[in-house]
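Quick setup: one chain, the form predicted alone, written in structure tokens, and binding and motion questions come after.
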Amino acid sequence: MKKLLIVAVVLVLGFFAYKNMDTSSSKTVKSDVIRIGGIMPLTGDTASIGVPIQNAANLHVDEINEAGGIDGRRMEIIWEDGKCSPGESSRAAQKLINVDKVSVILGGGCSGETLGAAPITEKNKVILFTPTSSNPEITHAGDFVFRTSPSDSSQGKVLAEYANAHFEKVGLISEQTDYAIVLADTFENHFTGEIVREDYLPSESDFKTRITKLKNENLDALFINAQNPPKYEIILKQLQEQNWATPLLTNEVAGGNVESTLKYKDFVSTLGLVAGNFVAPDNPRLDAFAQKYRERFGEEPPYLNYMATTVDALDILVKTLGDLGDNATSEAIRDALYATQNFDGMYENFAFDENGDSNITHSLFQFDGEKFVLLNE
């Protein structure tokens, strides 16, 4: 008599499991847990941005789940370290798609991560939703690519317009990354005066020679265009050491890095530090979230601008997935995101254009000795 062997095989593929192994097929609901991917720089210099954003995302996912999740289903993020590298992000995207079977990825954090992952996610019809990447090339990175952060095209323009009104000759010390290069180029394209530019590699950590060279150019102002926060702090330190009293411009990365700026607050507040930024001033919802962050992680939350757009990206996804229910195929999610108009976010009312770009733009903020405040000229 033959024995009947019953084997129960349980495949936990998450909310976005494939209908079959064909990666070109749409994805459907198969579980009570909604799992999405996440790509952020979690090691290296840019981890000082990526880890706080990861913390903020995890904190908000806990809030989402405590409020009932998505139609009773819990939300989870499977994180991968993109290391602010296109290659690492590409590998992370392949793992999240082929192993974890996700249909939505939150990220990348750096523009290079997003541009590195986009060809992979686009080929597999997976949503790539970045809350922090700003390179203008992302506008045309694919039909499944969206972002809640603004493009550097607006940041470079507002900084250049400010410089046009105040300075004739500006120094530019700029990091060689996807984010910083495009921002520097955009600034140059809109600034009508003279620019003296010094580019540095992300591996560099001593800028004394470059600073001395720029100081000798009799500049009206200096634009510090760093992507990695530790380099921004080193440049401030070495500027102070050389006692170079010149007005300063900087980008949203430094503008969100209040902690590093505070270390040199007497120096920079005396000189005047203006940042192209998009942090929302006087925002009770963001203030409440920042307090929860302090209580959870025991530190002052950096990069409130990125935290706001991260929370908003997650909330937009929650609404989209909740509305679609069992019909949440990749194509349906994409179409619903394109159709999003006047979404009441923490930052502002969101809408997306035909390229998946949000309606957020940059504004100018000035450091007042304690924080960055909206600059009213």
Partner chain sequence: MSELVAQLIWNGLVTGALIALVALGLTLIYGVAGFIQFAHGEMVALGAYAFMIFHKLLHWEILPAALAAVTVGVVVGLIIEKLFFRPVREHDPMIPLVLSIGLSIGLQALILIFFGPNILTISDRSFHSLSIFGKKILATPSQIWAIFLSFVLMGGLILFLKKTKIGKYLRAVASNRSVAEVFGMSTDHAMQWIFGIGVGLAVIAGIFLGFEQNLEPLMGVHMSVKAFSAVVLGAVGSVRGAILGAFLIGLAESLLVGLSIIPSGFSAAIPFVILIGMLLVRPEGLFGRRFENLRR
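Note that this is a predicted model, so its numbers are computed, not measured. Positions refer to the first chain, counted from 1.
The same protein also has a form predicted in complex with its partner chain, omitted here; what follows describes it.
Contact of residue 230 with its partner chain in the model of the complex (heavy atom, 4.5 Å): Flag for residue 230 set to yes.
Proximity of residue 48 to its partner chain in the model of the complex, heavy atoms at 4.5 Å: Residue 48: yes, in contact with its partner chain in the model of the complex.
Partner proximity in the model of the complex: residue 209 to its partner chain, non-hydrogen atom cutoff 4.5 Å: Within the cut-off, so yes.
is_contact(residue 97, its partner chain) in the model of the complex, heavy atom dist at most 4.5 Å: Looking in the model of the complex, residue contacts with its partner chain do not include residue 97, since no heavy atom lies within 4.5 Å.
Selected contact from 164, 283, 205, 269, since only one has a non-hydrogen atom within 4.5 angstroms of its partner chain in the model of the complex: It is 205.
Proximity to its partner chain in the model of the complex, single hit among 219, 158, 234, 258 (heavy atom within 4.5 Å): That would be 234.
Partner-proximal stretch of 197-205, 111-119, 177-185, 72-80 relative to its partner chain in the model of the complex, 4.5 angstroms, heavy atom: That would be stretch 197-205.
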